[in-house]
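Let's start with one chain on its own, the form predicted on its own, as structure tokens.
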């Protein structure tokens, strides 16, 4: 079980309106509050990552126009999609140790400011090669996901951390859906009311995502706070003192040798990775297969991403509820069941031949696959306290590795049709969820067996070892 020794709760910080635990982490999650430091950090974290998703996926809804302008082949489009994920793999791995060393606020804002000019440079691309390069570089911004989850795990206690992680990431992921609506809308506005030619209009509107990302980054720097008791430079707790003494390689090695992180990376590769792949192909899939217009295809694709408003948070809630009722075993069983159902719905999506049937199944699929992502990060905070950033980075990178592999095998000049590729993607989800059964915590147990010794006595020693 996940319970700890019974202790009287400490008084809340003088500047906090939320009850806290002995580590000053909030034990309640009030989504409509902006109280400092916990809930303000939550809103800054999700909004900053939202802008990164908005930017990264601002290109796919305009692909039919960009394709004609740059004379892109299907192979070019597939390679660009892969490139956008490859960039995220390396940046997510680096973001974990960066958060451990410098704090999520500095790490997140710095990355957003560095990638914003690249987003603006999308308006200057003139060849398939430069298009692929731009998508590769923009993908780096998705590493802010690691900072997002690290920040929430630093601010919220174990009884609500799954919910906090789920809502923060879920609301942020909506950026991938909102941009499917906004970018075609802005494109049509420029053509209809400003008489700008199509091949110029799509270039002009990339000013919007670049500016949005800069604004959110500055807001995080000015108003954010790394930890409940202050920023990394000022706080002198035992945890931060220990972290500051360790070098980057030491922190990284401790996380990389934890096999649970690798299994969660694989699992996340075939829930969030599948979500990323779907964001990349779904608008074009409906545009080409069912012959809907560009704006309707974008609207349908947006409904997939917009489900993150509630689906990923639901995953976090399920994880916390299952953890409270059944301990770690409940969290792991919940993850396996939800992700397996998502895989089955993905298989079905590729077999449906009607427009409305495909939309209905896609919506159900989106709820389950996004909830599985929330359930995954309901487990991550328990894997290692000392290398939390590395574990979060490994898991987050697993998501993009899964997207790269899936895109490369099934959606980059594959001999399969897109509908067949979607069904095969669902099969891969089901298979890659099975290793969850191998995750075992000595003090909490696993899916198929209980703890090996007293969880209360082992809890503290375990985290020191990790």
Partner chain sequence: MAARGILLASLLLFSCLAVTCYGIVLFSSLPSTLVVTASPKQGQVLKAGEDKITVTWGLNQSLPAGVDSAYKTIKLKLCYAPISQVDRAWRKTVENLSKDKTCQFLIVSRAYDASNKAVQSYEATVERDVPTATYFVRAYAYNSDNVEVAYGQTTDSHKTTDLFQVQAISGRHVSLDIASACFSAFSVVSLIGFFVVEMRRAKQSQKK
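The term rigid core refers to the maximal set of C-alpha atoms that superpose within 1.5 Å between the two forms. Every value quoted in this text rests on a predicted model; they were computed, and no experiment measured them. Residue numbers count along the first chain shown, from 1.
Another form exists, predicted together with the partner chain; not displayed. Remarks below refer to it.
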Picking from 229, 158, 258, 110, the single residue whose non-hydrogen atoms come within 4.5 angstroms of the partner chain in the model of the complex is 110
309, 337, 75, 359: which sits within 4.5 Å of the partner chain in the model of the complex by any heavy atom? 75
Please name which of the stretches 259-267, 301-309, 368-376, 205-213 has residues with heavy atoms lying within 4.5 Å of the partner chain in the model of the complex. 205-213
I'd like to know whether residue 67 contacts the partner chain in the model of the complex, with contact meaning heavy atoms within 4.5 angstroms. yes
Please run the contact check for residue 192 against the partner chain in the model of the complex: heavy atoms, 4.5 angstroms, yes or no? no
Give a yes/no on whether residue 333 approaches the partner chain to within 4.5 Å in the model of the complex, heavy atoms considered. no
Determine whether any heavy atom of residue 126 comes within 4.5 Å of a heavy atom of the partner chain in the model of the complex, and answer yes or no. yes
Is any part of 197-225 within 4.5 angstroms of the partner chain in the model of the complex by a non-hydrogen atom, and which residues would that be? 197, 198, 199, 200, 203, 204, 207, 211, 214, 218, 221
C-alpha of residue 158 off by 2 Å or more between the shown form and the other one on rigid core: no
Once the core is aligned, does residue 110 move its Cα by at least 2 Å between the shown form and the other one? no
For residue 258, is the CA shift between the shown form and the other one at least 2 Å following rigid-core superposition? no
